[in-house]
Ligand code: PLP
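Have a look below at one chain only, the form predicted on its own, in C-alpha coordinates format.
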(Lines give C-alpha, C1' and ligand atoms only; values in the text may rest on other atoms or scores of the structure.)
Protein backbone atom coordinates (compact mmCIF):
# COMPACT_ATOMS: atom_id res chain seq x y z
CA UNK A 1 0.00 0.00 0.00
CA UNK A 2 1.19 3.48 -0.85
CA UNK A 3 0.38 6.77 0.81
CA UNK A 4 -0.53 9.75 -1.35
CA UNK A 5 2.19 11.83 -2.99
CA UNK A 6 0.62 14.87 -1.32
CA UNK A 7 1.04 13.61 2.24
CA UNK A 8 4.50 12.12 1.69
CA UNK A 9 5.74 15.20 -0.15
CA UNK A 10 4.76 17.94 2.29
CA UNK A 11 8.36 18.84 3.08
CA UNK A 12 9.46 18.74 -0.55
CA UNK A 13 11.78 15.83 0.10
CA UNK A 14 13.96 17.73 2.58
CA UNK A 15 13.91 18.64 6.26
CA UNK A 16 10.84 20.30 7.69
CA UNK A 17 13.07 22.76 9.57
CA UNK A 18 12.48 21.38 13.04
CA UNK A 19 15.61 19.20 13.41
CA UNK A 20 17.41 21.32 16.02
CA UNK A 21 14.22 21.89 17.99
CA UNK A 22 13.61 18.14 18.13
CA UNK A 23 17.21 17.52 19.19
CA UNK A 24 16.77 19.97 22.07
CA UNK A 25 13.55 18.23 23.13
CA UNK A 26 15.33 14.87 23.13
CA UNK A 27 18.05 16.30 25.36
CA UNK A 28 15.41 17.62 27.76
CA UNK A 29 13.67 14.22 27.82
CA UNK A 30 17.01 12.65 28.74
CA UNK A 31 17.41 15.01 31.70
CA UNK A 32 19.57 17.79 30.26
CA UNK A 33 18.56 21.31 31.26
CA UNK A 34 18.18 23.33 28.05
CA UNK A 35 17.25 27.00 27.65
CA UNK A 36 14.71 26.91 24.82
CA UNK A 37 14.65 29.98 22.61
CA UNK A 38 12.99 28.10 19.78
CA UNK A 39 9.22 28.31 19.36
CA UNK A 40 6.80 31.20 19.88
CA UNK A 41 5.25 29.90 23.09
CA UNK A 42 4.59 32.43 25.86
CA UNK A 43 6.37 31.78 29.14
CA UNK A 44 3.26 33.20 30.89
CA UNK A 45 0.27 30.97 30.17
CA UNK A 46 -3.34 31.86 29.39
CA UNK A 47 -4.78 34.30 31.95
CA UNK A 48 -6.76 32.59 34.74
CA UNK A 49 -9.78 34.82 34.03
CA UNK A 50 -9.94 33.47 30.45
CA UNK A 51 -9.70 29.91 31.71
CA UNK A 52 -12.45 30.63 34.23
CA UNK A 53 -14.67 31.89 31.40
CA UNK A 54 -13.91 28.71 29.45
CA UNK A 55 -14.78 26.56 32.46
CA UNK A 56 -18.04 28.43 33.05
CA UNK A 57 -19.07 27.98 29.43
CA UNK A 58 -18.25 24.26 29.45
CA UNK A 59 -20.03 23.72 32.78
CA UNK A 60 -23.07 25.57 31.43
CA UNK A 61 -23.31 23.00 28.65
CA UNK A 62 -21.69 24.68 25.64
CA UNK A 63 -19.91 21.42 24.81
CA UNK A 64 -21.92 20.21 21.82
CA UNK A 65 -21.47 21.07 18.16
CA UNK A 66 -21.02 24.80 17.70
CA UNK A 67 -22.01 26.73 14.59
CA UNK A 68 -19.50 25.78 11.87
CA UNK A 69 -18.48 29.30 10.80
CA UNK A 70 -18.21 30.27 14.46
CA UNK A 71 -20.66 31.51 17.06
CA UNK A 72 -22.46 34.72 16.25
CA UNK A 73 -20.94 36.36 19.33
CA UNK A 74 -17.34 35.57 18.42
CA UNK A 75 -17.71 36.45 14.74
CA UNK A 76 -19.21 39.78 15.82
CA UNK A 77 -16.39 40.41 18.30
CA UNK A 78 -13.71 39.64 15.69
CA UNK A 79 -15.46 41.80 13.10
CA UNK A 80 -15.63 44.72 15.52
CA UNK A 81 -11.97 44.30 16.44
CA UNK A 82 -10.88 44.29 12.79
CA UNK A 83 -13.02 47.32 11.99
CA UNK A 84 -11.49 49.26 14.89
CA UNK A 85 -7.89 48.19 14.28
CA UNK A 86 -7.74 48.42 10.49
CA UNK A 87 -10.45 50.89 9.52
CA UNK A 88 -11.99 48.38 7.11
CA UNK A 89 -15.73 47.91 7.70
CA UNK A 90 -16.10 44.25 8.67
CA UNK A 91 -19.26 42.31 9.49
CA UNK A 92 -19.71 38.82 10.93
CA UNK A 93 -20.43 37.65 7.36
CA UNK A 94 -16.81 38.54 6.55
CA UNK A 95 -15.43 36.25 9.29
CA UNK A 96 -15.05 32.50 9.79
CA UNK A 97 -13.61 31.04 13.00
CA UNK A 98 -10.96 28.34 12.50
CA UNK A 99 -9.04 25.89 14.75
CA UNK A 100 -6.07 28.23 15.04
CA UNK A 101 -4.08 30.25 12.54
CA UNK A 102 -2.50 27.19 10.92
CA UNK A 103 -5.89 25.79 9.91
CA UNK A 104 -6.73 29.26 8.58
CA UNK A 105 -3.61 29.27 6.40
CA UNK A 106 -4.56 25.89 4.94
CA UNK A 107 -8.15 26.93 4.30
CA UNK A 108 -7.12 30.24 2.71
CA UNK A 109 -4.87 28.45 0.23
CA UNK A 110 -7.52 25.80 -0.42
CA UNK A 111 -9.91 28.66 -1.26
CA UNK A 112 -7.57 30.43 -3.67
CA UNK A 113 -5.50 27.70 -5.35
CA UNK A 114 -6.31 24.70 -7.52
CA UNK A 115 -4.09 21.67 -8.14
CA UNK A 116 -0.83 22.75 -9.76
CA UNK A 117 -1.35 26.50 -9.26
CA UNK A 118 1.67 28.60 -8.30
CA UNK A 119 1.40 30.13 -4.81
CA UNK A 120 3.95 32.79 -3.82
CA UNK A 121 5.34 33.33 -0.32
CA UNK A 122 8.11 35.48 1.15
CA UNK A 123 11.48 33.97 2.16
CA UNK A 124 12.33 33.92 5.12
CA UNK A 125 9.06 32.28 6.06
CA UNK A 126 7.39 30.49 8.94
CA UNK A 127 8.45 26.87 8.61
CA UNK A 128 5.00 25.49 7.73
CA UNK A 129 4.28 27.80 4.78
CA UNK A 130 5.59 25.72 1.85
CA UNK A 131 4.16 22.51 3.30
CA UNK A 132 0.76 24.17 3.73
CA UNK A 133 0.82 25.18 0.07
CA UNK A 134 1.84 21.66 -1.02
CA UNK A 135 -0.96 20.23 1.15
CA UNK A 136 -3.59 21.87 -1.07
CA UNK A 137 -1.86 20.63 -4.22
CA UNK A 138 -0.38 23.99 -5.19
CA UNK A 139 3.26 24.70 -6.06
CA UNK A 140 5.15 26.85 -3.52
CA UNK A 141 7.25 29.63 -5.07
CA UNK A 142 9.58 31.53 -2.72
CA UNK A 143 10.22 35.25 -3.19
CA UNK A 144 13.58 36.02 -1.57
CA UNK A 145 14.29 39.04 0.60
CA UNK A 146 17.70 40.20 1.78
CA UNK A 147 19.30 40.78 5.14
CA UNK A 148 20.94 43.99 3.91
CA UNK A 149 17.44 45.38 3.21
CA UNK A 150 16.16 44.28 6.63
CA UNK A 151 14.18 41.51 4.89
CA UNK A 152 11.62 44.00 3.53
CA UNK A 153 10.01 42.38 0.44
CA UNK A 154 10.75 44.01 -2.91
CA UNK A 155 7.54 44.33 -4.97
CA UNK A 156 9.64 44.02 -8.15
CA UNK A 157 10.85 40.58 -6.98
CA UNK A 158 7.24 39.57 -6.36
CA UNK A 159 6.15 40.89 -9.76
CA UNK A 160 8.88 38.91 -11.49
CA UNK A 161 7.38 35.66 -10.14
CA UNK A 162 3.73 36.67 -10.36
CA UNK A 163 2.84 35.64 -13.94
CA UNK A 164 0.69 32.53 -13.69
CA UNK A 165 0.48 32.66 -9.87
CA UNK A 166 -2.81 32.68 -7.98
CA UNK A 167 -1.87 33.86 -4.50
CA UNK A 168 0.73 35.64 -2.41
CA UNK A 169 1.26 34.91 1.30
CA UNK A 170 2.81 37.64 3.47
CA UNK A 171 3.35 37.97 7.23
CA UNK A 172 3.81 41.26 9.09
CA UNK A 173 4.97 41.59 11.82
CA UNK A 174 7.10 38.82 10.47
CA UNK A 175 8.04 35.43 11.83
CA UNK A 176 10.98 34.68 11.81
CA UNK A 177 12.63 38.07 11.28
CA UNK A 178 10.61 40.36 13.55
CA UNK A 179 10.42 42.86 10.68
CA UNK A 180 7.34 45.06 10.34
CA UNK A 181 6.60 45.78 6.69
CA UNK A 182 6.59 49.49 5.92
CA UNK A 183 3.69 51.34 4.32
CA UNK A 184 5.79 51.72 1.17
CA UNK A 185 6.43 47.97 1.05
CA UNK A 186 2.78 47.10 1.61
CA UNK A 187 1.58 49.63 -0.98
CA UNK A 188 3.96 48.04 -3.48
CA UNK A 189 2.67 44.58 -2.60
CA UNK A 190 -0.94 45.74 -3.02
CA UNK A 191 -0.15 47.29 -6.39
CA UNK A 192 1.50 44.06 -7.54
CA UNK A 193 -1.53 42.00 -6.46
CA UNK A 194 -3.84 44.32 -8.40
CA UNK A 195 -1.60 44.35 -11.48
CA UNK A 196 -1.28 40.55 -11.57
CA UNK A 197 -4.73 39.58 -10.26
CA UNK A 198 -3.34 37.82 -7.17
CA UNK A 199 -5.19 36.83 -4.04
CA UNK A 200 -3.32 38.21 -1.02
CA UNK A 201 -3.22 36.01 2.08
CA UNK A 202 -2.08 38.26 4.92
CA UNK A 203 -0.95 36.46 8.08
CA UNK A 204 -1.46 39.05 10.83
CA UNK A 205 -1.26 36.91 13.96
CA UNK A 206 1.38 39.22 15.49
CA UNK A 207 -0.63 42.41 14.98
CA UNK A 208 -0.55 43.27 18.72
CA UNK A 209 3.23 42.92 18.96
CA UNK A 210 4.59 46.02 17.24
CA UNK A 211 7.55 47.79 18.84
CA UNK A 212 8.48 50.27 16.08
CA UNK A 213 6.05 51.83 13.63
CA UNK A 214 2.47 50.71 13.12
CA UNK A 215 0.70 47.56 12.03
CA UNK A 216 -0.95 48.17 8.67
CA UNK A 217 -3.33 45.63 7.19
CA UNK A 218 -3.05 45.60 3.39
CA UNK A 219 -6.77 44.84 3.30
CA UNK A 220 -7.21 48.57 4.02
CA UNK A 221 -5.72 49.72 0.70
CA UNK A 222 -8.00 50.67 -2.22
CA UNK A 223 -9.17 47.65 -4.18
CA UNK A 224 -7.70 45.12 -1.73
CA UNK A 225 -10.64 44.21 0.53
CA UNK A 226 -12.16 42.07 -2.23
CA UNK A 227 -8.92 40.14 -2.90
CA UNK A 228 -7.43 39.79 0.62
CA UNK A 229 -7.88 37.00 3.14
CA UNK A 230 -6.59 38.03 6.57
CA UNK A 231 -5.47 35.27 8.92
CA UNK A 232 -5.75 36.12 12.61
CA UNK A 233 -5.44 34.24 15.88
CA UNK A 234 -5.83 34.47 19.65
CA UNK A 235 -2.60 32.51 20.10
CA UNK A 236 -0.09 35.35 20.22
CA UNK A 237 -2.32 38.27 21.24
CA UNK A 238 -3.91 36.51 24.23
CA UNK A 239 -1.46 33.67 25.02
CA UNK A 240 -4.09 31.11 23.96
CA UNK A 241 -1.85 28.93 21.79
CA UNK A 242 -3.36 25.62 22.91
CA UNK A 243 -6.95 26.83 22.64
CA UNK A 244 -6.71 26.80 18.83
CA UNK A 245 -8.79 29.88 18.03
CA UNK A 246 -8.11 31.63 14.75
CA UNK A 247 -10.05 33.24 11.94
CA UNK A 248 -10.11 34.33 8.33
CA UNK A 249 -11.56 37.69 7.36
CA UNK A 250 -12.37 38.34 3.72
CA UNK A 251 -15.06 38.84 1.09
CA UNK A 252 -18.45 37.45 2.06
CA UNK A 253 -18.56 35.04 -0.90
CA UNK A 254 -15.18 33.57 0.03
CA UNK A 255 -16.25 33.16 3.66
CA UNK A 256 -19.40 31.37 2.52
CA UNK A 257 -17.36 28.84 0.54
CA UNK A 258 -14.87 28.48 3.40
CA UNK A 259 -17.79 27.60 5.65
CA UNK A 260 -18.65 24.78 3.27
CA UNK A 261 -15.02 23.63 3.42
CA UNK A 262 -15.11 23.67 7.23
CA UNK A 263 -18.31 21.60 7.16
CA UNK A 264 -16.39 18.92 5.28
CA UNK A 265 -13.16 19.13 7.32
CA UNK A 266 -12.94 20.59 10.83
CA UNK A 267 -16.66 21.01 11.53
CA UNK A 268 -15.99 24.06 13.64
CA UNK A 269 -14.40 24.92 16.98
CA UNK A 270 -15.73 23.95 20.45
CA UNK A 271 -18.27 26.45 21.69
CA UNK A 272 -16.85 26.79 25.20
CA UNK A 273 -13.49 27.81 23.74
CA UNK A 274 -15.20 30.36 21.50
CA UNK A 275 -17.00 31.77 24.55
CA UNK A 276 -13.65 32.17 26.29
CA UNK A 277 -12.34 34.00 23.23
CA UNK A 278 -15.31 36.39 23.35
CA UNK A 279 -14.48 37.08 26.99
CA UNK A 280 -10.81 37.62 26.17
CA UNK A 281 -11.53 40.06 23.33
CA UNK A 282 -13.90 41.98 25.60
CA UNK A 283 -10.97 42.81 27.89
CA UNK A 284 -9.74 45.15 25.17
CA UNK A 285 -6.27 46.47 24.33
CA UNK A 286 -5.16 46.53 27.98
CA UNK A 287 -4.92 42.73 28.15
CA UNK A 288 -3.26 42.55 24.73
CA UNK A 289 -0.62 45.05 25.87
CA UNK A 290 -0.07 43.07 29.07
CA UNK A 291 0.56 39.92 26.99
CA UNK A 292 2.94 41.80 24.65
CA UNK A 293 4.87 43.69 27.35
CA UNK A 294 7.45 40.98 28.18
CA UNK A 295 8.54 40.78 24.54
CA UNK A 296 8.85 44.55 24.24
CA UNK A 297 11.01 44.48 27.38
CA UNK A 298 13.18 41.59 26.18
CA UNK A 299 13.74 43.22 22.81
CA UNK A 300 15.33 46.12 24.71
CA UNK A 301 17.40 43.62 26.70
CA UNK A 302 18.60 42.00 23.48
CA UNK A 303 19.66 45.29 21.94
CA UNK A 304 21.60 46.15 25.11
CA UNK A 305 23.38 42.78 25.22
CA UNK A 306 24.41 43.13 21.57
CA UNK A 307 25.96 46.58 22.00
CA UNK A 308 29.71 47.07 21.64
CA UNK A 309 30.53 44.04 19.47
CA UNK A 310 30.28 43.24 15.78
CA UNK A 311 30.27 39.45 15.59
CA UNK A 312 26.53 39.07 16.19
CA UNK A 313 24.30 41.63 14.48
CA UNK A 314 20.61 42.04 15.22
CA UNK A 315 18.27 42.70 12.34
CA UNK A 316 15.79 45.52 13.03
CA UNK A 317 13.10 43.82 15.12
CA UNK A 318 10.04 46.02 14.84
CA UNK A 319 7.60 43.42 16.12
CA UNK A 320 6.75 39.83 17.09
CA UNK A 321 8.39 37.78 19.83
CA UNK A 322 11.67 37.11 18.00
CA UNK A 323 14.99 38.67 17.13
CA UNK A 324 16.89 37.51 14.06
CA UNK A 325 20.66 37.47 14.53
CA UNK A 326 23.20 37.59 11.73
CA UNK A 327 26.04 35.26 12.79
CA UNK A 328 27.87 35.04 9.44
CA UNK A 329 30.95 36.65 11.00
CA UNK A 330 31.52 33.36 12.83
CA UNK A 331 32.05 31.60 9.51
CA UNK A 332 29.28 29.11 10.33
CA UNK A 333 25.87 28.47 8.86
CA UNK A 334 22.86 28.93 11.10
CA UNK A 335 22.51 25.15 11.32
CA UNK A 336 26.14 24.68 12.38
CA UNK A 337 26.07 27.56 14.84
CA UNK A 338 22.82 26.40 16.44
CA UNK A 339 24.03 22.82 16.74
CA UNK A 340 27.34 23.80 18.34
CA UNK A 341 25.63 26.29 20.69
CA UNK A 342 23.23 23.60 21.86
CA UNK A 343 26.02 21.09 22.47
CA UNK A 344 28.35 23.55 24.19
CA UNK A 345 25.95 25.68 26.24
CA UNK A 346 22.58 23.88 26.15
CA UNK A 347 20.92 26.89 24.52
CA UNK A 348 18.47 26.07 21.73
CA UNK A 349 17.75 28.55 18.94
CA UNK A 350 16.26 28.07 15.48
CA UNK A 351 18.69 28.15 12.52
CA UNK A 352 17.83 30.68 9.84
CA UNK A 353 17.93 27.86 7.31
CA UNK A 354 14.80 26.45 8.97
CA UNK A 355 12.96 29.41 7.47
CA UNK A 356 14.41 29.38 3.97
CA UNK A 357 17.65 30.19 2.18
CA UNK A 358 17.28 33.98 2.53
CA UNK A 359 18.03 33.63 6.26
CA UNK A 360 21.06 31.33 5.87
CA UNK A 361 23.82 32.40 8.24
CA UNK A 362 21.31 33.73 10.77
CA UNK A 363 19.56 32.31 13.84
CA UNK A 364 16.16 33.17 15.22
CA UNK A 365 15.92 33.74 18.95
CA UNK A 366 12.50 33.51 20.59
CA UNK A 367 12.17 35.91 23.52
CA UNK A 368 10.14 33.37 25.47
CA UNK A 369 11.94 32.86 28.78
CA UNK A 370 12.10 35.15 31.82
CA UNK A 371 14.08 38.37 31.57
CA UNK A 372 17.10 37.22 33.60
CA UNK A 373 17.30 33.84 31.86
CA UNK A 374 16.95 35.55 28.48
CA UNK A 375 19.72 38.06 29.24
CA UNK A 376 22.01 35.28 30.47
CA UNK A 377 21.38 33.02 27.48
CA UNK A 378 21.87 35.80 24.93
CA UNK A 379 25.07 36.93 26.67
CA UNK A 380 26.43 33.39 26.46
CA UNK A 381 25.41 33.19 22.80
CA UNK A 382 27.36 36.36 21.99
CA UNK A 383 30.40 35.19 23.98
CA UNK A 384 30.32 31.84 22.19
CA UNK A 385 30.15 33.59 18.80
CA UNK A 386 33.12 35.77 19.71
CA UNK A 387 35.14 32.73 20.80
CA UNK A 388 34.61 30.81 17.55
CA UNK A 389 34.81 33.74 15.11
CA UNK A 390 37.90 33.58 12.83
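Positions refer to the first chain, counted from 1. Not measured: the values here are computed from a predicted model.
Same protein, other form: the form predicted in complex with the named molecule, not shown, and the subject of what follows.
**Q** Just one of 112, 152, 235, 208 has a heavy atom within 4.5 angstroms of the named molecule in the predicted bound form, so which one?
**A** Comparing distances to the named molecule in the predicted bound form, the residue within 4.5 Å is 235.
**Q** Looking at 102, 86, 147, 71, which is the one with a non-hydrogen atom within 4.5 Å of the named molecule in the predicted bound form?
**A** So the residue touching the named molecule in the predicted bound form, by this definition, is 102.
**Q** Please check if residue 175 has a heavy atom lying within 4.5 Å of any heavy atom of the named molecule in the predicted bound form.
**A** Residue 175: yes, in contact with the named molecule in the predicted bound form.
**Q** Taking the shortest heavy atom distance, is residue 126 within 4.5 Å of the named molecule in the predicted bound form?
**A** Although the named molecule is absent here, residue 126 would touch it in the predicted bound form, with heavy atoms inside 4.5 Å.
**Q** Residue-level question: is residue 90 within 4.5 Å of the named molecule in the predicted bound form, judged on heavy atoms?
**A** Close contact is absent here: in the predicted bound form, residue 90 is far from the named molecule, nothing within 4.5 Å, heavy atoms only.
**Q** Can you tell me whether residue 171 touches the named molecule? I mean in the predicted bound form, with a 4.5 angstroms heavy atom cut-off.
**A** Residue 171: yes, in contact with the named molecule in the predicted bound form.
**Q** Just one stretch in 298-306, 265-273, 311-319, 102-110 has heavy atoms within 4.5 Å of the named molecule in the predicted bound form, so which one is it?
**A** Stretch 102-110 is the one.
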